[in-house]
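Here we start with a single chain on its own, the form predicted on its own, put down as structure tokens.
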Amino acid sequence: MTLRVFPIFALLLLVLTASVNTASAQVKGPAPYASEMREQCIAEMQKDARILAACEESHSSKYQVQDAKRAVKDKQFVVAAYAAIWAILAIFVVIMWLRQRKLSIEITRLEAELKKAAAE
């Protein structure tokens, strides 16, 4: 029984590992842009707080949407992980129930043989 269950768990582990690797490959984005005038731009923005506020305001909604999408995506992975854990647990419980049933039948058979041998 154990030898038949091992390939199922190995296959499940392989599928979960592949899905995690695929998900981590999708998270990578483009390399950050490095401008030669970056320091000068930052210095000018620090001189005028209104420019900095306008830049932050114009990009804040974009970042909020990105963060919301990332949170939904992360939530899907958490739900998938819990589903996998529950599936593994359910399989384990069914296997244990089947083993217990076989052992109960074997115990009943052995008790009957013992009573028969004691009667002889």
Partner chain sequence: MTNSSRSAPLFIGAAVACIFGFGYTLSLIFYQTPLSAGPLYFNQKIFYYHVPCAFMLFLAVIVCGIASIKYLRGRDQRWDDVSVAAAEVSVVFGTIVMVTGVLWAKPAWGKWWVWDARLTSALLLWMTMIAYQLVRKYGGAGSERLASGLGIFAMVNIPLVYSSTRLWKTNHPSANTVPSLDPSMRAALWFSVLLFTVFFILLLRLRINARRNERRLYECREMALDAGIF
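Worth saying up front: this structure is predicted, and the values here are computed from it rather than measured. Positions refer to the first chain, counted from 1. By rigid core we mean the largest C-alpha set that fits within 1.5 Å across both forms.
Quick note: we don't show the form predicted together with the partner chain, though the next part is all about it.
Contact between Ala119 and the partner chain in the model of the complex is not found at the 4.5 Å heavy atom cutoff.
The partner chain in the model of the complex comes within 4.5 Å of no heavy atom belonging to Ala53. At the 4.5 Å threshold, heavy atoms of Tyr82 reach the partner chain in the model of the complex. Of the heavy atoms in Ile88, some are within 4.5 Å of the partner chain in the model of the complex. When you look in the model of the complex, the only residue of Val93, Met37, Ala49, Ala43 with a non-hydrogen atom within 4.5 Å of the partner chain is Val93. After superposition on the rigid core, displacement of the C-alpha of Arg109 between the shown form and the other one amounts to 2 Å or more.
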